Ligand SMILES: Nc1ncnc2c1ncn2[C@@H]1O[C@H](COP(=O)(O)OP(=O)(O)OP(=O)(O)O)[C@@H](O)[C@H]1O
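We begin with a single chain expressed as structure tokens, specifically the form predicted alone.
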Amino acid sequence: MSTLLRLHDVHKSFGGNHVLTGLSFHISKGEIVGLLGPNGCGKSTVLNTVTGYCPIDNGKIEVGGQIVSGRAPHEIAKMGVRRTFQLPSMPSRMTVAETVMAASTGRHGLVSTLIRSLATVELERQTKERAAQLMKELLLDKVAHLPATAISGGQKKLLGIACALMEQPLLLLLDEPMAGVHPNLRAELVETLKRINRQGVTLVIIEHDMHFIAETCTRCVVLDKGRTVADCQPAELENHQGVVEAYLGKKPSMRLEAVGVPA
């Protein structure tokens, strides 16, 4: 498989806090990769740097062989990179359906605003169909008429995923998609993400629910102190010395199940 995302010797500091300290790893097309590590290890900073929300201090980030370091978020999004946020903020005056529709960049621009041509009408129809399909897949169709701020925290996570998928991205970065999602929706979300992946979307998932990672991901990249300490399959996590030390310090005799890593 060809490489879709590559980070090489990436450094990022906030004042005296060195968050990423020579981070390197790659993601191949078609993978579902879990980005793991203890709190404060730099996982969310990785997503922010890849998507242009946070400039790096040194190193190189490539998407599809093109350097994205220094590019604006909207430029990187045009390259097929989308993300969700750990704490999604939703518009207060739009319904769930309107929010998903607004995530389609094809609906914006001077031409589509000034000219109501047949092509524009057809685009609107396709956008509505795409939004309806995603809301159904992500179990949001029953709340499509509600204000986006009125739904539950877990539903807002699903709404964020629906918005990110409107333009059919090549790479989707998910920041804790399971947090706040009702346990009854868990199995459906796992299957939905796998289906999205089969449709050609490469996934990188930050998540503390390690059972979800084991069910969903084909590979795991584990960070500690801003560096990669493991790159392995989910089943290999428990016995990986670097992972044990990252989560438990120098006590490898303790089982990782104590912090949520499954046997």
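Note that the structure is a prediction, hence the values are computed from the model and not measured. One-based numbering along the sequence shown.
FYI, the form predicted in complex with the named molecule isn't displayed, but the following is about it.
At a distance of at most 4.5 angstroms from the named molecule in the model of the complex, all three residues V19, S44 and E176 contribute at least one non-hydrogen atom. In terms of contact with the named molecule in the model of the complex, the residue from Q86, T95, T192, T127 that brings a heavy atom within 4.5 Å is Q86.
With the partner omitted from this view, the residue of G64, G30, G59, G40 that lies near the named molecule in the model of the complex is G40 [heavy atom within 4.5 Å]. Heavy atoms within 4.5 Å of the named molecule in the model of the complex belong, among the stretches 214-222, 32-40, 192-200, 228-236, to residues of 32-40. At the 4.5 Å threshold, heavy atoms of H208 reach the named molecule in the model of the complex.
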